[in-house]
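Before any questions on how it binds or moves, here is one chain, the form predicted alone, in structure tokens.
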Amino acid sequence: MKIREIEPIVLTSKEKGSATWASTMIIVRVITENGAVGYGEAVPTLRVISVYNAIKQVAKGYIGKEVEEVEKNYHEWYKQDFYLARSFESTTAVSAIDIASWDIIGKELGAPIYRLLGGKVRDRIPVYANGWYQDCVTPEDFAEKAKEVVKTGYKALKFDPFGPYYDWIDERGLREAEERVRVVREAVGNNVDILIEHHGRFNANSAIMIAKRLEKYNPGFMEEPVHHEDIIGLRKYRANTHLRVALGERLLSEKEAAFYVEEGLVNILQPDLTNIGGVTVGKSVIKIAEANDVEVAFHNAFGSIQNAVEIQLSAVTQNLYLLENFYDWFPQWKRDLVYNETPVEGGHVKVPDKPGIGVSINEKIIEQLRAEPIPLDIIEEPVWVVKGTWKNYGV
């Protein structure tokens, strides 16, 4: 089936949820010449306008191509776009189109994506909670909300305890972070994983000081402890702490993922199907990690279409650690977009069996929330943190 149309669609609402970066969704609708429809999702963050326009450009390379030929189509775009390996806008655009293509293929064959990739190795996907700590500043704020999270059945939760610190951290910041982590550990007990989000914002020396202060609380992993591009700093960090490193949400290609894995820089790889190349590249990255005894925990922080396809890939990932989950802290409209077909129950999500990405799409929600791409306002609190947490509390 040849691709006839590719349409980027921006969705937003007054209901924003816990994450500023995810207050908007960019979805892609692919339509074939015989009328088959598939959906994918791209990354919004601060680049809604540029990603929206990138999808229009990448679409020029896909329209008229056979939708089933995902490998050929990806590599044709790789050939055309000289800067693909260095362009987030291009990689997220091609990822969204690729996901929509797999959605169509699954619908054509009457099978969910997991069946097209060899079948699932689990029926239920274990997930960890993220987004739960909106407006948490004091240790008491974190402890109270953490208790609420584990009461619903989650066995792992992730949070950023570092307040407004960026690049470096001082003794006050270390005390505040440690106190937040200490009370969360006490609140959830020793049988729940606590995962420490650094958001890739510290120099190596500060990250090592953080590791030394927090290692006694047995974190499941330290996510992006240093700036993403700081390979030297990451090697220094690895040499000075035994804590497990998780990273991968900003990786843009199979080769980039292979570098981090084969250099021993990561214990838990976090590829994001909406910017690494969709299902086509994602399935290869899983195998690279598996061959090197690295676990996988897909980055999953944007919207309900991303969530749906990453549930499908998690189902076929033997080396899965956990799947990130914002679903319970999404604005309601994101759950409504997929008819709430991927609910979390007891810290797990049942793998859906509908063809393609496994869920139905509510077209009425698309028409109700369709919006023009506009630039986001810039305020002191960066868009990449959970809202209301960029603060000290005065220990």
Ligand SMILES: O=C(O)C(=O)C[C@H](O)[C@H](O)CO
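Start at 1 with the first residue shown and count on from there. Because the structure is predicted, anything quoted here is derived from the model rather than measured.
Below: the form predicted together with this ligand, not depicted.
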{"query": "Listed residue (107, 199, 155, 185) with a non-hydrogen atom within 4.5 angstroms of this ligand in the model of the complex", "finding": "199"}
{"query": "Among the candidates 315, 289, 301, 247, the residue which, in the model of the complex, approaches this ligand to within 4.5 Å (heavy atoms)", "finding": "301"}
{"query": "Segment assignment from 147-155, 115-123, 293-301, 273-281: heavy atom within 4.5 Å of this ligand in the model of the complex", "finding": "293-301"}
{"query": "Residue contact check: residue 385 to this ligand in the model of the complex, 4.5 Å heavy atom", "finding": "yes"}
{"query": "Contact label in the model of the complex: residue 9 to this ligand, heavy atom within 4.5 Å", "finding": "no"}
{"query": "Interface membership of residue 326, this ligand in the model of the complex, 4.5 Å heavy atom rule", "finding": "yes"}
{"query": "Non-hydrogen atom contact residue 130 with this ligand in the model of the complex at 4.5 angstroms", "finding": "yes"}
{"query": "Contact set, 10-30 vs this ligand in the model of the complex - heavy atom within 4.5 angstroms", "finding": "19, 21"}
